[in-house]
Structure formats: structure tokens, C-alpha cells
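Below sits a lone chain in C-alpha cells, taken as the form predicted alone.
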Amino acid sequence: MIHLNTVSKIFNAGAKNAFCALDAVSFEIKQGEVVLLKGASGSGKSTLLSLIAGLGKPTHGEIVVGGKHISKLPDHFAALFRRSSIGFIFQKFNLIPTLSVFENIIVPLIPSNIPEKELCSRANSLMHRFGIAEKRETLIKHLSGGEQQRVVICRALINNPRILLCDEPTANLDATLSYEFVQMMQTLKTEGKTIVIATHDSLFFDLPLIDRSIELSKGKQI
């Protein structure tokens, strides 16, 4: 499902302040696996997720996701790939505080020209599933952290992606909400989603949910 071959990412390449965020990282993730991407802050985890999602391009190396060589896709086609195949749970949620729960959830599908009836059906189904249907018209800024996390998960799943990428998903949650998140991921795993969780939260280190771990340190795979 996901294949990285000697992937490196250098910011400001050729300049005096050049910074190597990733250095020749290689691995494969099979369809349906839940993989933990471990490492301290600054180890390159977030950069790696962004490259897998097609949000950036590697300086060197190749990334193949679902048979597509996304490291070579022009930006427009990378966006189409991302919209159809990737769900992303951002560390800081990246929700729009002045929009409602429903409006935030459907944002990824707006460029797709999907009929309004289909948009509503998908969003309503997800809101009921993750227990926020009663908050449908509530503005994001009025939600608790746990409720916002549920909105983020719904938004990530609205396009029914094959792959779910999670960047420090429990960083803004307490212990109870963190365990709720784990239970949600367990359910998605049983449905065959391929899930990559980037975190340094020790909660994930010995979970049955995790099939295997990949560890980074200062941009290198260890």
C-alpha cells in the first residue's frame, strides 16, 4: 500500500541554512496494517506523513502509495490523489472555528462537486457513528477538545479513504479521551483501513492495535 525508497527531505537545499528533515528513509506498509511511527519531537515524523499524503515532495527518493508514484505527481494531481485516498488527522485539528460541525466535515468534498444529498448523507452517517450528531449546527469554537477530535475523525473519513494518517492525535487529549481515540482506531482497523500513527505518546507503544513500529531519530530510521 505504501512504499518509500531512500526518501530524503532537505529544506532550503543549497542554502547555508539547509536542514535535512529526513535522511534516506525506506520502508513498506501493507494494506490493512496499523503502523506506529515513533520518535521524539523534531525526528521527522510530521514531515514523513506530509510526504506520504502528497502535501510535499521529497528532495530525493521515491514514494509509491496505492500504486501511484506520488513523489512525481504535479500539485493538481497530488491534490486529487489526496482527496480520493488519504484521510489526515492533524495534531492541531486545523478546524475552521467559525464554521459548524457539519460544514467542517464536508470541507474536503466541496471541490468534488458531489450532490448536496450525498454530502449530507455521508456527513450525517459519520456524525451519528462518532457521537456528535446532536452538535451538527454547533460552531467548532464552542466544542470541547474531545468533540473537536471526533469532528476531525469524521472529516478525515468523509471521502472514505483507504489510508488514514494521524499526526500526534492524542497531543491535545486527556487520558480518557486518548483511550477513546484508540478504540475508534481499533474499529477502523477491523474495517481494513491502513493507518499510520505518528506519535511519541507511550500510550501507543504496547497496544494490540499496533502491528509494528518504525522509529525515527533526527531524520534517520533506526
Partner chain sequence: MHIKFNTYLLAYALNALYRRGFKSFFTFLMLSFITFLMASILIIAHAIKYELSLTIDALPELTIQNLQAGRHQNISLEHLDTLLDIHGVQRAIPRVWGFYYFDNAGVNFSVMGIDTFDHQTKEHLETMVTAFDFEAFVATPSMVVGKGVQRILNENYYKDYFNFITTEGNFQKVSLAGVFDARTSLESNDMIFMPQEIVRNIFGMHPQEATDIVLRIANKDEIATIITKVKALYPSSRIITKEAMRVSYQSIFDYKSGIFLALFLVCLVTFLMIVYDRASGLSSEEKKEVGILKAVGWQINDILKEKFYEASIIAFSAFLCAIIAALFFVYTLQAPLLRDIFTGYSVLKPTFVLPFVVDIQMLSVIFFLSVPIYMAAVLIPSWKTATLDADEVMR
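What you see is a predicted model; the values in this text were computed from it and never measured. Positions refer to the first chain, counted from 1.
Not on display, but discussed next: the form predicted together with the partner chain.
Asker: For the chain shown here without its partner, which stretch in 155-163, 189-197, 176-184, 22-30 has non-hydrogen atoms within 4.5 angstroms of the partner chain in the model of the complex?
Answerer: That would be stretch 155-163.
Asker: If we define contact as a non-hydrogen atom of the residue within 4.5 angstroms of the partner, is residue 106 a contact of the partner chain in the model of the complex?
Answerer: So residue 106 counts as contacting the partner chain.
Asker: Taking the partner chain as it sits in the model of the complex, is residue 49 in contact with it (heavy atom to heavy atom, 4.5 Å or less)?
Answerer: Yes, residue 49 sits close enough to the partner chain in the model of the complex that at least one of its heavy atoms falls within 4.5 Å.
Asker: Just checking whether residue 82 would be counted as a contact of the partner chain in the model of the complex - the rule being heavy atoms within 4.5 angstroms.
Answerer: Taking the distances in the model of the complex, the answer for residue 82 is yes, it comes within 4.5 Å of the partner chain.
Asker: Mark residue 92 yes when one of its heavy atoms lies within 4.5 Å of a heavy atom of the partner chain in the model of the complex, and no otherwise.
Answerer: It does: once the partner chain is placed as it appears in the model of the complex, residue 92 has a heavy atom within 4.5 Å of it.
Asker: Run the contact test on 171, 215 and 222 with a 4.5 Å heavy atom cut-off to the partner chain in the model of the complex and return yes or no.
Answerer: Zero of three within 4.5 Å in the model of the complex.
Asker: Relative to the partner chain in the model of the complex, which residues of 118-132 have a heavy atom no more than 4.5 Å away?
Answerer: Sequence-ordered list has one entry, 119.
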